[in-house]
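Shown next as structure tokens: one chain only, the form predicted alone.
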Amino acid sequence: MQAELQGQVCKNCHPLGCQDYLEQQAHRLSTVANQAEFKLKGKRALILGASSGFGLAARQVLMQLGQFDTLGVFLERPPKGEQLGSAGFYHALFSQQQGQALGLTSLNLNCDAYSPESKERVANALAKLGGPVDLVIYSLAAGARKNAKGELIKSAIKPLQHSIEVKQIDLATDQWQSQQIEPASSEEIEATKAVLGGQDWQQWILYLQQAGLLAKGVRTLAFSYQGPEHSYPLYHHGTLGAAKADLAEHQGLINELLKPQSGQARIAVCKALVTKASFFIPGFVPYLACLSKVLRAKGLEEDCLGQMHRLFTQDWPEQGDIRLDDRELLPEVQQQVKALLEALNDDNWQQLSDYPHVKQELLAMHGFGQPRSQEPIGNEQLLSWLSLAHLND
């Protein structure tokens, strides 16, 4: 089976390759289990957005190093007919099985976490964890969501004031392209804040609090990104930056909500990483490819699992954001990355950057380039996976 690529998207996956990928992640954690103390106190965690990226990696660290019981919530496409389903469906299924193999309560719920109806389903599922949760991870990322009126609102990744030109790479054709991006309208700015900001995070915490599902001293964690100054026109000073500012504003509101329970809302500012969501950001793949080359040469590179391992095995600052982007923003790193980016052109970008490695990372998440990624998948195996997934729905 071959990967089906279209633009910035891998449209298919290999389930057994996805299982290989999760097993490799688990093996990595087992090799570092005794190298650093797991810092977070608690027993139960709710992960909103548990099928890929930071949410998936956080769940693995929480289970394997923290012995947390977990409920993973996600919206993924299950297998149907000849369609194998999405990579995230198998990530969530196999990570759930990893937790169960550790003797933990490990539950999954495949539903749209943005919808009001999902909250009651999550509350019912949390009852099976044995008590209120000690940690709520908010790791939802989507291009669109429905508002309270049921209307679909879409995010837009654009600058705020001036049009800009960025370089992008088409993963399907490996072509170097230029893209002109016009500034966002006021409606697009507000829509992006509504989809990717902190409003939904606050609504979740308020619901869980009123339902009595948050433990004393509960912590809730959301993820953010800042990036270097040369990316500010599109990111930090663009619609995404406006959404991240909205996230920080709602963090303060959530902290006020949690005061009676001695709870706390925190934001972890992470480094630029290969995730499904990051490939949708215009101009981000060339930057990732140059950053990866520089950090790997210095022995400083981390993927999502490495970042989440560091997050939960270090002391968090008393105030302010938890910064996991420190290595990315080192002056000497950024000087080399900027020089590489400025040297890239139509003829040399694959040779000068780390693009082949970055692309393979994305394919590995979808189960390609793995030990069993060429093995055929039978209907009986698909039905078995589907029946396991339905146990907690």
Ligand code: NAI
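Don't overthink the numbering: it's just position in the shown sequence, from 1. All of these numbers come straight from a predicted model, not from anything done at the bench.
What comes next is about the form predicted together with this ligand, which is not displayed.
**Student:** Among the candidate residues Leu253, Ala215, Cys111, Ala172, which is the single one with a non-hydrogen atom no more than 4.5 Å from this ligand in the predicted complex?
**Tutor:** After the contact test, the surviving option is Cys111.
**Student:** Within 4.5 Å, heavy atoms only, which of Arg219, Lys244, Lys158, Lys293 is in contact with this ligand in the predicted complex?
**Tutor:** None of the others qualify; the residue that does is Lys244.
**Student:** Looking at the partner-bound form in the predicted complex, is Leu71 within 4.5 Å of this ligand by any heavy atom?
**Tutor:** No.
**Student:** Examine Ser52 and determine whether its closest non-hydrogen atom to this ligand in the predicted complex is within 4.5 angstroms.
**Tutor:** The answer is yes: Ser52 has a heavy atom within 4.5 Å of this ligand.
**Student:** At the 4.5 Å heavy atom threshold, is Ala277 in contact with this ligand in the predicted complex?
**Tutor:** Yes, Ala277 sits close enough to this ligand in the predicted complex that at least one of its heavy atoms falls within 4.5 Å.
**Student:** Report yes if any heavy atom of Glu188 sits within 4.5 Å of a heavy atom of this ligand in the predicted complex; otherwise report no.
**Tutor:** Outside the cut-off, so no.
**Student:** Of the listed stretches (62-70, 22-30, 43-51, 344-352), which one has a non-hydrogen atom within 4.5 Å of this ligand in the predicted complex?
**Tutor:** Correct option: 43-51.
**Student:** Enumerate the residues of 202-226 that have a non-hydrogen atom within 4.5 Å of this ligand in the predicted complex, in sequence order, or give none.
**Tutor:** In sequence order, Phe223, Ser224, Tyr225 come within 4.5 Å of the partner.
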